[in-house]
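Encoded as structure tokens, the following chain is the form predicted on its own, with no partner shown.
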């Protein structure tokens, strides 16, 4: 039986139990969200004992060297002493603006108190002062003064509910990251690019498409954004203006239901894309949003000829608690 010590708490892990689940079973408060090794909310540091390499997959080399690991995917084979993530991997930030883009999407602006290096399309983990943590994609460009997040209100969501109703400008938070491989890489500047988002999956693509344009991408760039109804679409005017200003970019809004025709396509977003582009050999693709939609679209793009190495995805996993 493996024994884990975390602060003043000591617990024994059950067979096959992750370190995070073991600590939570014993009532130990540990920041966490997806419990799938994706968001980084449960990052801890090993003080003593061996951490399985799988628990450090995807982390920065500098973090690995300091013993950081993901508790939700850590299944230690020997006793371990761990401690919370330290200030060396988090930076302080201040909420400077909260703008409601739709009835259930708020744009959050954050001023960082130290440099925060990232690639547009990556995501960060936002920590409230009580330790609550959630991960959100970064929608802005690095040279822009503040971090921009698009947060969808989740029913009974503790963080999204706070950002919608409880948070005020001037509130202090902490940021950890960035993480993720869904971003534009310069090169192959004539390659066609297809970007597909549902809901707030638009956030990373809003950064990626602007990054590609400012990098001088010459190939066609096609951005599709889907929502259930027209009122769920956001930044439509900004994206339409961007499309009008750049001859190689097009923007298409899609909705599942509408009471009247409008500046959007009606139907499943995958079907709308397929009706436009049936052959995608040699293209590059970015797909973000609802996990089931992301899985389906990834398969669709692959079957249409897009190489798997050229498909970048970010599935927005719901919080596990």
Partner chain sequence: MHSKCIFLPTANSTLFDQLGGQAAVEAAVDNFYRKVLKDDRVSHFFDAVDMDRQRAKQKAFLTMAFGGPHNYSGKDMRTGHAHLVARGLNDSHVDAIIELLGGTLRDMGVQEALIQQVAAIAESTRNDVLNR
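Remember, predicted model here, so these are calculated numbers, not experimental data. Numbering follows the first chain given and starts at 1.
FYI, the form predicted in complex with its partner chain isn't displayed, but the following is about it.
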Check your understanding: Taking its partner chain in the predicted complex as the reference, which of 276, 295, 26, 64 has a non-hydrogen atom within 4.5 Å?
Key -> 295
Review point. Even though its partner chain is not shown here, does residue 10 get within 4.5 Å of it in the predicted complex, heavy atoms only?
Key: no
Point to revise | is_contact(residue 20, its partner chain) in the predicted complex, heavy atom dist at most 4.5 Å | key: no
Review point. Within 4.5 Å of its partner chain in the predicted complex, do 257, 261 and 266 each have at least one heavy atom?
Key: no
Review point. So which bits of 280 to 311 sit within 4.5 Å of its partner chain in the predicted complex, heavy atoms only?
Key: 295, 298, 299, 302, 303, 305, 306, 307, 308
